[in-house]
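Heads up, the chain below is alone and in the form predicted on its own; it's given as structure tokens.
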């Protein structure tokens, strides 16, 4: 009886979640496929004339191809930030797990503070201005790394705790130093949790709207999410182009999540069970 209730409850939760996700996405798709006059009605109906490709072309060409420039900026931001998060997160987690010692408690407090304490926008802008990184891509990359690092460290540490110390000792006997032990022995073992970190942080950084808006203002440095703000004011009477822009922004992370969601679950489960 309990199993039946669990199955029914889980099925209901899946259906409700699917409805809350699929219905808005379907509305975005059909509105982006309509003409200007049809889309202005904001009705959830199939378009009489399917003009999705034309709307996508116009959305891409708007504002001197701002969408394409913003996509390139988002790709640079995401790739560099995620690569740094994987490398730094794994290194910090390894040192914390293996050689925390008396500083383990301090590191624990700092990592948890990074997860719990909300970011202070104004002081952060002041710091970036003093070091000359405000309104620059390197400054925003550092912000994304700082905000995402605590979560990555905890995931890596949970997995590294399951790696036998015998591997470290055997490598030490063979004459390997700490850096060689990490990159040749530990780092290759972290493949599953590494995929989880890469996928999650890619989605988080790519979809980030707040940080680029605060720390990288200006259309010349716009990221893909910030373009929605300018497009909303520009296409407030052309909902077909506005929703075409939203569709272009939504599809890449959606495709990535659909193909790699099993890797996310495997990496999270591996860290939680073995940690």
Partner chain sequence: MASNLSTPDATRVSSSRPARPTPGRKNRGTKKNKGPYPYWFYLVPGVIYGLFFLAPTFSSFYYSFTRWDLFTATWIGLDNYEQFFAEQALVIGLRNTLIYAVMTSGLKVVLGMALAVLLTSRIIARGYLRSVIFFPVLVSTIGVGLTFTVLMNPEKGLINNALGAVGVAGPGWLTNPHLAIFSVGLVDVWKGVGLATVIYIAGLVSIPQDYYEAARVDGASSWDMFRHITLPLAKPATASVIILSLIGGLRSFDLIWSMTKGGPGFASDVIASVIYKQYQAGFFGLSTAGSVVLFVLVTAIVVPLTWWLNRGETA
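Only the largest set of C-alpha atoms that superpose within 1.5 Å between the two forms is called the rigid core. Numbering follows the first chain given and starts at 1. The shown structure was predicted, so the numbers you read here are calculated from the model rather than taken from an experiment.
Below, we refer to the form predicted in complex with the partner chain, which is not included among the displayed structures.
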Option touching the partner chain, based on a heavy atom within 4.5 Å in the model of the complex, out of 108, 162, 136, 192: 108
Decide whether residue 259 counts as a contact residue for the partner chain in the model of the complex under a heavy atom distance cut-off of 4.5 Å. no
Is residue 36 part of the interface with the partner chain in the model of the complex - any heavy atom within 4.5 Å? no
Report whether the minimum heavy atom distance between residue 187 and the partner chain in the model of the complex is within 4.5 Å. no
Looking at the partner-bound form in the model of the complex, is residue 143 within 4.5 Å of the partner chain by any heavy atom? yes
Does anything in 30-65 come within 4.5 Å of the partner chain in the model of the complex by heavy atoms, and if so which residues, in order? 40, 41, 42, 44
With the core lined up, does the C-alpha of residue 251 move 2 Å or more between the shown form and the other one? no
